[in-house]
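Starting off, we have a lone chain in the form predicted on its own, written out as structure tokens.
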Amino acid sequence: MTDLPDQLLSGYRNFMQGRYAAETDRYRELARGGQAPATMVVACCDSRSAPEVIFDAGPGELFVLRNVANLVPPYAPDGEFHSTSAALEFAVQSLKVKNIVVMGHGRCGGIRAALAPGSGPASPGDFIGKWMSLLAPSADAVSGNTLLTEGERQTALERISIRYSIANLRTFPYIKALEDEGQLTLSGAWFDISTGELWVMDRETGDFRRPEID
């Protein structure tokens, strides 16, 4: 009996014998010199959509923030605890990242909770319900569209949530200033778990398109 699940210990053993052994110099360089990732990814904490895996990123290449439904709340320096805002501040002002990517994904449980707030774990009084209320106006508009199927409503709000978060990024004064100066880019992406497809948001129109990668 150990203090960690056997699966984690087995994975760590594989890591040490595989990736760490192959990239020992890189890890030691990162330990000495610190991290300097060029890109921050705001992603969902869903276990099926890990940015480091999807983008095949090595150690030190991505600064990743994960929360329920990959949401960025509006800038609110009100003295409360804001973990997402703190991570953004650290990435932009301390690490000087050049890109922020908001990446949503298909079949997101948080988005499903926003569309049906009375079902599942998101009761009105808990943390998930409060967090997902950020999307309430959009969720109400989408859920009321009976011309769409349930799956279409889900995908629509997943993608709307990405545009919403990017709009909220621009409420942070230092992010807006750096973007206006051309020193920071804001991007959106949506990952389909079942097919592995990545859809990228057009910055001008907000439409999502599949990039050519061949």
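All residue numbers refer to positions in the sequence shown, first residue = 1. Bear in mind that the values here come from a model prediction, so they are computed numbers and not experimental data.
Below, we refer to the form predicted in complex with another copy of the chain, which is not included among the displayed structures.
With a 4.5 Å cutoff on heavy atoms, Ala22 does not count as touching another copy of the chain in the predicted complex; it lies far away. In the predicted complex, at least one heavy atom of Gly109 sits within 4.5 Å of another copy of the chain.
Contact annotation for Gln35: at least one heavy atom lies within 4.5 Å of another copy of the chain in the predicted complex. Contact annotation: Arg66 falls within 4.5 Å of another copy of the chain in the predicted complex, judged by heavy atom distances. Annotation for 70-92: interface residues with another copy of the chain in the predicted complex are Tyr75, Ala76, Pro77, Gly79, Glu80, Phe81, His82, Ser83, Thr84, Ser85, Ala86, Ala87, Glu89, Phe90 [heavy atom within 4.5 Å].
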